[in-house]
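One chain comes next, on its own, written out as structure tokens in the form predicted on its own.
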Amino acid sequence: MTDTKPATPTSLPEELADKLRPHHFLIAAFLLAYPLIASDFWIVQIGAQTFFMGLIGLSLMLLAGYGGMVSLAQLAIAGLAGYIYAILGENSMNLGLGWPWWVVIPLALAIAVAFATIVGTLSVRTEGIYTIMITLAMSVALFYFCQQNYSIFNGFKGYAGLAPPQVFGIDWRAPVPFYYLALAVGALGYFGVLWLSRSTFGIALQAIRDNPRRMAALGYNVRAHRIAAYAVAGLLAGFGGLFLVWFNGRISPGTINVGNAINILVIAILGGLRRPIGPFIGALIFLLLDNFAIDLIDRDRFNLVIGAAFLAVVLFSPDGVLGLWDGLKRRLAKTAAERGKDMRVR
């Protein structure tokens, strides 16, 4: 994770145009046509959920992959955005303030970013295992704060009856609109992080990850760059949190417990922390195992299945599934080159 070399400053549109291949267009066409060929279960439970869980994983990838900071507070930040949406908007418990969505959603995202900035301000004072522990501590603190403050968070029951607002007369809770909304926000997050990684800020962040002392000697404000990265990651997690409560229709302290917070880490590492597409691939694998492991093993043993998959990926490819794919491509290229050399000798 720490040996990724900083990218050179290039224009993202130019780089995309240079790297686009036919299979990229096929994947884009498949994602757009997916609701036409899939059932509602596959559209929402697998498709849409992959995008917003991948978005929360992407917030962790931004911090860990480009900043070298592993945070276990990303689901807590997402959950806080969901709680703000439930408290300021409408819910079935009649405990919401009933504010309009165009006020509630920006406020939920702003508070998520503010909380992420606080997490960053406290955690950038530490490194390595201490960063993991302090972000985990803040995640657990928010869990108990929500569970024990009945007057604000309604205790362990939380809030139910949460749904996306109807805009332009469209029911965004319906499977197909919800899928395309999640796809659009997931794509914006993906390309946004891709652009950020090529920007001056992103390159400085990667250089700080590799050698913070040298960057400080060159005049860069190391702490400010790291805190800013937490703020951007908080925005991504906030969007993911809104989709999470729209998908579940409710939010409670159980949504942000330690087990679910660690699942975000599993998703990011399964896919790979080197590239923004990794968390989306990890989310897809995680959700497929979550939904279909019951066909292979008892439902209660799901953690055993996901743990075995996580262990296999970490042991055989520290870069996740993307690392396995890169290794396979290198071997195929090497085999093709050796065959070409043999044919020329003959």
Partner chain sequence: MKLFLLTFMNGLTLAALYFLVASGFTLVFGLMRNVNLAHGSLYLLGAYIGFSTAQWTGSWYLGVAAGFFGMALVGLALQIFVFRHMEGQDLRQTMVTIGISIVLADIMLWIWSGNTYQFQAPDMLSGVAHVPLVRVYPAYRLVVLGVAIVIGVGLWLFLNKTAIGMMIRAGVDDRAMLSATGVNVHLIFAVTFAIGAGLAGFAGVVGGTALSIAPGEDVRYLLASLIVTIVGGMGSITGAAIGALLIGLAEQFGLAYSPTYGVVYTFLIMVAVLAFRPQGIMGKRA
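Everything numeric in this text was worked out from a predicted model, so none of it was measured. Numbering follows the first chain given and starts at 1.
If you look for the form predicted in complex with the partner chain, you will not find it shown, but the lines that follow are about it.
Enquirer: Between 199, 149, 248, 211, only one gets a heavy atom within 4.5 angstroms of the partner chain in the predicted complex; which residue is that?
Expert: Spelling it out, the residue with a heavy atom inside the cut-off is 149.
Enquirer: Could you check which residue among 222, 194, 265, 107 gets a heavy atom within 4.5 Å of the partner chain in the predicted complex?
Expert: None of the other options qualify; the answer is 265.
Enquirer: Would residue 281 count as a contact of the partner chain in the predicted complex, using a 4.5 angstroms cut-off between non-hydrogen atoms?
Expert: Result no; residue 281 lies far from the partner chain in the predicted complex.
Enquirer: Do residue 269 and the partner chain share at least one heavy atom pair within 4.5 Å in the predicted complex?
Expert: Residue 269: yes, in contact with the partner chain in the predicted complex.
Enquirer: Might residue 157 be said to contact the partner chain in the predicted complex, defining contact as any heavy atom within 4.5 Å?
Expert: Outside the cut-off, so no.
Enquirer: If you check in the predicted complex, is residue 103 within 4.5 Å of the partner chain, heavy atoms only?
Expert: Answer no; every heavy atom of residue 103 is more than 4.5 Å from the partner chain in the predicted complex.
Enquirer: Just one of 170-178, 254-262, 80-88, 239-247 has heavy atoms within 4.5 Å of the partner chain in the predicted complex; which?
Expert: Selected stretch: 254-262.
Enquirer: In the predicted complex, does each of 141, 304 and 310 have a heavy atom within 4.5 Å of the partner chain?
Expert: Affirmative, all three are within 4.5 Å.
Enquirer: Taking the partner chain in the predicted complex, which residues along 114-146 bring a heavy atom to within 4.5 Å of it?
Expert: Sequence-ordered list: 122, 125, 126, 129, 130, 132, 133, 134, 136, 137, 138, 140, 141, 144, 145.
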